[in-house]
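Shown here is one chain on its own, the form predicted on its own, set out as structure tokens.
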């Protein structure tokens, strides 16, 4: 496949998704710009991770189209879809690291198994990534020796190892304390700038979204409530969006103490 220079990294065109009689997504019309960080923000069950699964072709919409890096996923043969996925990097909520491998081996894995690079190239690239995430000195440690934040960092590095055009990060600060979360946010900003890649970050963490987002898409119960620049969304007049951002109950009522 030829490399796409399409200004929209992912285009969800009036997407519906049903599982049996249950509607998961309803008329999602969303264009995620290339070369920036877009946050998919919303509570658990809002449909954020489902959108990611659609964007990488693991799910097919019941209605509508999904176009990633200029390619309509429904029209791609299996071999070409597999090739497209090699241009995508993914970091999952739990890190999904191989417990029997060292930090170095975890980051090197896609370079060996997917890109089939030579050992010298792999070492140069992995060393550079581990230096970027501040874990070079721990490259020989196994994941069980790492903190939760360190495991998240390794997951981010492995997602970037294949030099993707598009990187997905699923709840990168989930389960972390506020200081560690802030360090992960700073790392995402640094990596996005350093590697000039499109990031899509899935989170329910409003503080994290405020720190890293260029654009924000707010979802709730499978519906896209708002999409725009961070300032546009933060100034939204939508009552549900404001309740989510300000972490207040709908209507602004305070919980009793």
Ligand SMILES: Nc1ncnc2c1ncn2[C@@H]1O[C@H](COP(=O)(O)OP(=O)(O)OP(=O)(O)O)[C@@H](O)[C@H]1O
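Positions refer to the first chain, counted from 1. Worth saying up front: this structure is predicted, and the values here are computed from it rather than measured.
What comes next is about the form predicted together with the named molecule, which does not appear here.
Asker: Quick one: from 50, 208, 192, 38, grab the residue that has a heavy atom within 4.5 Å of the named molecule in the predicted complex.
Answerer: Of 50, 208, 192, 38, the residue with a heavy atom within 4.5 Å of the named molecule in the predicted complex is 50.
Asker: Just one of 64, 228, 57, 45 has a heavy atom within 4.5 angstroms of the named molecule in the predicted complex, so which one?
Answerer: When the named molecule is considered in the predicted complex, the option within 4.5 Å is 45.
Asker: If you check in the predicted complex, is residue 24 within 4.5 Å of the named molecule, heavy atoms only?
Answerer: Yes - in the predicted complex, heavy atoms of residue 24 and the named molecule come within 4.5 Å of each other.
Asker: Does the named molecule get within 4.5 angstroms of any non-hydrogen atom of residue 93 in the predicted complex?
Answerer: Yes, residue 93 lies within 4.5 Å of the named molecule in the predicted complex.
Asker: Test of understanding: in the predicted complex, would residue 165 fall inside 4.5 Å of the named molecule by heavy atoms?
Answerer: Contact check for residue 165: no, nothing within 4.5 Å of the named molecule in the predicted complex.
Asker: I'd like to check something about residue 185: if you look in the predicted complex, is any of its heavy atoms closer than or equal to 4.5 Å to a heavy atom of the named molecule?
Answerer: Residue 185: no, not in contact with the named molecule in the predicted complex.
Asker: Are there residues in 163-200 with a heavy atom within 4.5 Å of the named molecule in the predicted complex, and which are they, in order?
Answerer: Contacting residue: only 171.
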